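Let's start with one chain on its own, the form predicted alone, as structure tokens.
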């Protein structure tokens, strides 16, 4: 009797999916800060994640910020209340917004409401995340050079019935007027779907008259 190979599927729970997405954002944010030179190269340590060499910042204040951020994002994801997360890069001198890394999140509300699980291969999810991380790592090839000292901030878009934690403050959307946009790969845990888009300030030298 001929045997048939069946692709392995892993059970994805709401808690597990929230952990995958929040951890992804932490690594993606670190990669953005490194590749966009918001912090100097020597501020990062190399680790292996998603089958790729990744970089994590060693600055204690930023590490603490990222840890708290990951925890809060995971909580909102499990509640089905998070719509998007945006990492904003701004000029330190003027506060002008130069880049917005937008992570839009769609949640399977049936999972949130009924507690059911979904199935998807962990390897397939990892491959999808790898594709995003490779695009972030190559961002220097399609984004303008940030030739000034920059700082970053993180915006979270939640449902209106979510109370703002005391460590967060209400903020304007920090938009860029007439931005250029690049759509990146996304990934899907079958519970949370994440689409990624980076928008950036036009390089005036490249604009046609």
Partner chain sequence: MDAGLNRCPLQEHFLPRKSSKENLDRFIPNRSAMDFDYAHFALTEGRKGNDQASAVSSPSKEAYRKQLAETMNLNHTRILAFRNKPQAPVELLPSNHSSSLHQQPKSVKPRRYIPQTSERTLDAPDIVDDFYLNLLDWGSANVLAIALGLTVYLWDASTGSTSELVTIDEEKGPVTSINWAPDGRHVAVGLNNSEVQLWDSASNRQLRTLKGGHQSRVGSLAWNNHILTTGGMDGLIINNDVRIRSPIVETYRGHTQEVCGLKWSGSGQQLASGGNDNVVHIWDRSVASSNSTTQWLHRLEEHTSAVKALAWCPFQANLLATGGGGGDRTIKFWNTHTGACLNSVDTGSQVCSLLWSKNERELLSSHGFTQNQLTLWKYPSMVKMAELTGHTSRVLYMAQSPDGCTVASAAGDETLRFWNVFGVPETAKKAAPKTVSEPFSHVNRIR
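Residue numbers count along the first chain shown, from 1. Worth saying up front: this structure is predicted, and the values here are computed from it rather than measured.
In what follows, reference is made to the form predicted in complex with its partner chain, a form of this protein that is not presented.
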Is there a heavy atom of residue 120 no more than 4.5 Å from a heavy atom of its partner chain in the predicted complex?
no
Residue 53 near its partner chain in the predicted complex, any heavy atom under 4.5 Å?
no
In the predicted complex, does residue 105 come within 4.5 Å of its partner chain, counting heavy atoms only?
yes
How about residue 37 - does it come within 4.5 Å of its partner chain in the predicted complex, if we only consider non-hydrogen atoms?
yes
The unique member of 26, 154, 184, 32 whose heavy atoms fall within 4.5 Å of its partner chain in the predicted complex:
154
Residue by residue through 59 to 73, tell me which have a non-hydrogen atom within 4.5 angstroms of its partner chain in the predicted complex.
59, 61, 62, 65, 68, 69
